[in-house]
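The chain below stands alone, shown as structure tokens; this is the form predicted on its own.
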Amino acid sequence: MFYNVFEYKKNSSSSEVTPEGIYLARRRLLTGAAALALAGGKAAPSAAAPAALPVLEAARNARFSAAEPLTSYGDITAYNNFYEFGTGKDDPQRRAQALRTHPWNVAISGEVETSGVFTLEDILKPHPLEERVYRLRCVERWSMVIPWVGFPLADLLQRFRPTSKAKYVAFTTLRDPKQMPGQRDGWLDWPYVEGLRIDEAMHPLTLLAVGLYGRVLPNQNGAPLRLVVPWKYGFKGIKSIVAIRFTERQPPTSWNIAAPDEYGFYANVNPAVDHPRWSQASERRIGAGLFEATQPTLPFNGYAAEVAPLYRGMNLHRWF
């Protein structure tokens, strides 16, 4: 069962002193979200002109920066899977602009010492933002290279002091059919839910993203908070997060419930494990011409050196 974020009462104080630079970056993000809300969420034309969204102060993290050509801002923001707004790749860009991303609350619950409802400002404090260039690989065989802005998910989760029973972390997307017309159809059991094993969630590569290309995250890309797990297929990167729950048992996840033979809980990029309806051995970068060659899919999306030890001894054909 997943909980309504308004059922919690905050039981912890936010008394930490925030450095000025982090405070200003956070205020830019919140001000940008508020401005979009006051304008009816229409950052016209946000998908075509990144200048329409506020700048975020974020230093490039050279340790986590794929040395590959970036996918264009236009392609990143115009070709999306965000089924809450429809099944077409251009549906999110067309339909997500009215989504109200401020105010925004996130409920923290489960096997933690500190639980409650936290505002977007609470969530961002006191984390400095950084830019990381990550590959994103979709189970549909397309890929992108995206300069995300965010901070390590581990930094946030550790603030809530998980107990020894916390073996997994579950995430829930906003459920609001009035704002999210795709949720009016019942082909998925809304709200969208995803999960990670806690060591995956705490891995240094796992990012809580609030922006891309140095600006506030566009609505169609999962504003105001989304998960980025670069060695997994894109459906693990849950968008517009409103709840984080620490659990002792593996949580159910939306695509694994809907089609367990096609979408496993782990969803690690693995060219040796085909989707039942197509091969995963190759991929095509978004923006490449139809006649340009595909490229081989890399194990763990190219991040094997960092994450393969997490799965030592596991049968990755069975635990796909």
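Start at 1 with the first residue shown and count on from there. Please read these numbers as outputs of a predicted model, since none were measured by experiment.
Beyond the structure shown, there is the form predicted together with a small molecule, which is absent from this document and is the topic of what follows.
Contact with the small molecule, judged by heavy atoms within 4.5 Å in the model of the complex, is confined among 115-123, 213-221, 101-109, 158-166 to 213-221. When you look in the model of the complex, the only residue of I238, A209, L196, V229 with a non-hydrogen atom within 4.5 Å of the small molecule is I238. Between the small molecule and the residues P152, G234, P147, G182, the one pair within 4.5 Å by heavy atoms in the model of the complex involves G234. The small molecule is not drawn, but in the model of the complex it has a heavy atom within 4.5 Å of C138. Among residues of the shown chain, F171 is not one whose heavy atoms approach the small molecule to within 4.5 Å in the model of the complex. Within 4.5 Å of any heavy atom of the small molecule in the model of the complex lies no heavy atom of Q93. Shown alone here, S143 lies farther than 4.5 Å from the small molecule in the model of the complex, counting heavy atoms only.
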